[in-house]
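Next comes just one chain, in structure tokens: the form predicted alone.
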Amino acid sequence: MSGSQVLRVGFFDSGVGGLCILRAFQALCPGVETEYIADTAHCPYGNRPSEEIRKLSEANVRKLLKAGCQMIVVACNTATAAAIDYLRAKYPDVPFVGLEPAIKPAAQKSKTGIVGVLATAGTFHGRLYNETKAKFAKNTTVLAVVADEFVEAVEKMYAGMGVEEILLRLGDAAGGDAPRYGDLEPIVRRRIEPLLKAGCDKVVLGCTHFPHLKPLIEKICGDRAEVLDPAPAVARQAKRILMERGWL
């Protein structure tokens, strides 16, 4: 990147989920310009074939590169699982940051030896999830729960809102103001309670839409389980790459 070029980082997701990653990054790197694509026309990605997800992901990448982004964060677990290897091979000069469920810290920190992972079907079928599970959770029971309905619930929760308004609401939630979840609690509780009854003491949020429900999930878990959100770690990794390249 030349000295006169503006540093811009691109983010994309199938919808508004990845805004939790964007917000975490902006908190760490407030001076960096950002561009966000919410591919709501094709949301959710979770049940689509891998080849289709790769095509959609590449279309998003082309738009972000055209917008002048030097680095791209694949702010979607399903897209990471299906497309990040392809994108890195296709655009070798572009640094990509992806996501994978936080199985490693969950397994390391679990006292019961039982952790739950909430994600979409596409994430569970991906190489990253299965390799991470095999490598870091050999002695841990990992209970995988497909919670595709959470994606739709979050999209509905933010219907009609713009990016800035959603980011403000995320900030309010982080600051302790209770978000309005309406009638979502029974939907979320149906997925969480079986994990708690099975002895899970760590619940991993394996989809970027799910941290938008984190206060509600934490309320249901109480003191029975810790909820692990990947957004801060992804933001730190993105910052680390920018610094290594001398861009930050």
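What you see is a predicted model, and the numbers here were worked out from it, not measured in a lab. Throughout, we count residues from 1 along the sequence that is shown.
In what follows, reference is made to the form predicted in complex with a small molecule, a form of this protein that is not presented.
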Cys43: heavy atom within 4.5 Å of the small molecule in the predicted bound form? yes
Does any heavy atom of Cys207 come within 4.5 Å of a heavy atom of the small molecule in the predicted bound form? yes
Does Ile72 make contact with the small molecule in the predicted bound form, using a 4.5 Å heavy atom cut-off? no
Can you work out whether Ile103 and the small molecule are in contact in the predicted bound form, taking contact to mean some heavy atom pair no more than 4.5 Å apart? no
Only one of these stretches, 133-141, 73-81, 108-116, 159-167, has heavy atoms within 4.5 Å of the small molecule in the predicted bound form; which one is it? 73-81
